[in-house]
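Have a look below at one chain only, the form predicted alone, in structure tokens format.
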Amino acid sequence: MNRFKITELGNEVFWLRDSERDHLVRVLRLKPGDLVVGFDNTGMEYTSVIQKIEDNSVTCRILSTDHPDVEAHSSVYLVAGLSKGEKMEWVIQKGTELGMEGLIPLRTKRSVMHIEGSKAQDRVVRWQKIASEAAKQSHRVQEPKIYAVCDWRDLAEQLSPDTQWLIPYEEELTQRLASVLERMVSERPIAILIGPEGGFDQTEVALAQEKLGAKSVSLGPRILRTETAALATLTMVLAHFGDLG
């Protein structure tokens, strides 16, 4: 069944409006009587039947409610240095499929892409839409949050104070990711700092270690592209805590 993000939830019905309504009507061409699944980002999903299609909304009558165990049990965030081209979109889409909790786009010294003001806000709206579509495709019931583009000085305020920070760094020669994960607590959030093309500047790594308590880790002897490093680290962290594999 096709999946939709609920616009408004009632006692026995829910409504789809705006882009969700248009996708159902214009793209999928569904009709009253067709079955659909709705989710509201609370962890619940609702199997429903389309009851009425109007100009501005679709009314769906709820047939059954479920709380599927599809979300990761550990809250893992990606903090990704702004990258050019489609790299950010790729990381957001695949990170959502894997189970990330959210993504923070970060301005860094070596970021090739520079966006400010309304342009940055528009880009975040687009990235959130990509996360929403990927959540539907992968049958998640909570879509990841895409945060506003931020700077290093504001980063610590984005997540809770008990967040555990990891920073994969190509010049880290002694501390492997696996050994650091053994000392981490699955009940506390984990944030993975990923550099842009060219990686983090040494001063940024030092700042992350000093201000955030970030643990620098090696991902192995080969240098990975920014999008590869992000998804590889996310996969290893989720697998370590039992959410993959």
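None of these values were measured; they are calculated from a predicted model. From 1 onward, residues are counted along the sequence shown.
There is another form of the same protein, the form predicted in complex with another copy of the chain; it is not shown, and what comes next is about it.
For the marked spot (137, 218 and 225), a heavy atom within 4.5 Å of another copy of the chain in the predicted bound form is present in each of the three residues. Residue 232 belongs to the set of residues with a heavy atom inside 4.5 Å of another copy of the chain in the predicted bound form.
A residue is said to contact a partner when one of its heavy atoms sits within 4.5 Å of a partner heavy atom; residue 75 fails this definition for another copy of the chain in the predicted bound form, lying far away.
Shown alone here, residue 124 lies farther than 4.5 Å from another copy of the chain in the predicted bound form, counting heavy atoms only. Although the partner is absent here, residue 236 sits close enough that one of its heavy atoms falls within 4.5 Å of another copy of the chain in the predicted bound form. In summary, among the residues 98, 150, 156, 113, the only one with a non-hydrogen atom within 4.5 Å of another copy of the chain in the predicted bound form is 98. Contact with another copy of the chain in the predicted bound form, defined as a heavy atom within 4.5 Å, holds for exactly one of 70, 49, 206, 185, namely 70.
With another copy of the chain left out of view, the stretch that reaches within 4.5 Å of it through heavy atoms in the predicted bound form is, among 26 to 34, 58 to 66, 41 to 49, 177 to 185, 177 to 185. Residues from 1 to 28 do not approach another copy of the chain in the predicted bound form: none has a non-hydrogen atom within 4.5 Å of it.
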